[in-house]
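Here we start with a single chain on its own, the form predicted on its own, put down as structure tokens.
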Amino acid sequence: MVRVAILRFPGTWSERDFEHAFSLVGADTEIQWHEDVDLRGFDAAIVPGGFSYGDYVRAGAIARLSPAVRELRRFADEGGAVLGSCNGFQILCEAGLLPGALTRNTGLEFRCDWVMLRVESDATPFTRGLRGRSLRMPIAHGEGCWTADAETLERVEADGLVVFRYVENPNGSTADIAGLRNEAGNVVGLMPHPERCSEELLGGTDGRAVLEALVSSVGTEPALAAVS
């Protein structure tokens, strides 16, 4: 069975949603407090949404100093699959595990809505077999505008690091980018919430495809080899 660790920081609140969503696809989960994270023996790690440390300074800026981030780096360096959603995406960018930064939405308002995404890359364990699909997922963020300098944007596009792109941009994100991967493909971040659309009762099931992709990727072949 695929084993997934779900990190909990002060102020995050999507860990229980991820726990439930993963139970629907047959994964075994464990929620770990950020000061005591140990990812040995796990196949994947989730950095969930919320408002870590109240989003003081800026979203994810304080959480990146947590001991959990050092363990995430080690885990990722060894090929472990890492997914950050919403605040988790912000944390991964602040920690340097993904390029660019998330800033205030261009409309300077919190956006809570459903959006359409296009899957641009299947070179990750979370999107294996999904390239070209359109997925409907909810967003809930005030700092979801992904931005980067011209050189970084050029590299992101040229190296195929864009994983999800908005069909209609809700926050002013550069190049309609909704989610990215690292060079190796094992670290992915996105602003929408796949855990909130894992069953019909919640209004849709497209997010479940992301979790199912992970489960199918892990255990068949080494995850990175399978999606490269």
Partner chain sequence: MRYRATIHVRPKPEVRDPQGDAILGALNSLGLGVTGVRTGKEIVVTFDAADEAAAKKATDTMGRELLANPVIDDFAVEISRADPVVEDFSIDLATP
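If you're wondering where the values come from, they're calculated on a predicted model, not measured in any experiment. Positions refer to the first chain, counted from 1.
Note that the form predicted together with its partner chain isn't included here; everything after this is about it.
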Using heavy atoms and a 4.5 Å cut-off, decide whether A140, V187 and H193 all contact its partner chain in the predicted bound form.
no
Tell me the stretch among 127-135, 81-89, 113-121, 94-102 that has any heavy atom within 4.5 angstroms of its partner chain in the predicted bound form.
94-102
Contact residue in the predicted bound form, from C197, V69, I62, L39 (heavy atom within 4.5 Å of its partner chain):
I62
For L201, is any heavy atom within 4.5 Å of its partner chain in the predicted bound form, or not?
no
Might G160 be said to contact its partner chain in the predicted bound form, defining contact as any heavy atom within 4.5 Å?
no
With a 4.5 Å heavy atom cut-off, would you call R165 a contact of its partner chain in the predicted bound form?
no
Indicate whether A76 is a 4.5 Å heavy atom neighbour of its partner chain in the predicted bound form.
no
For a quick check, can you give me the residues of 165-204 that have a heavy atom within 4.5 Å of its partner chain in the predicted bound form?
G172, T174
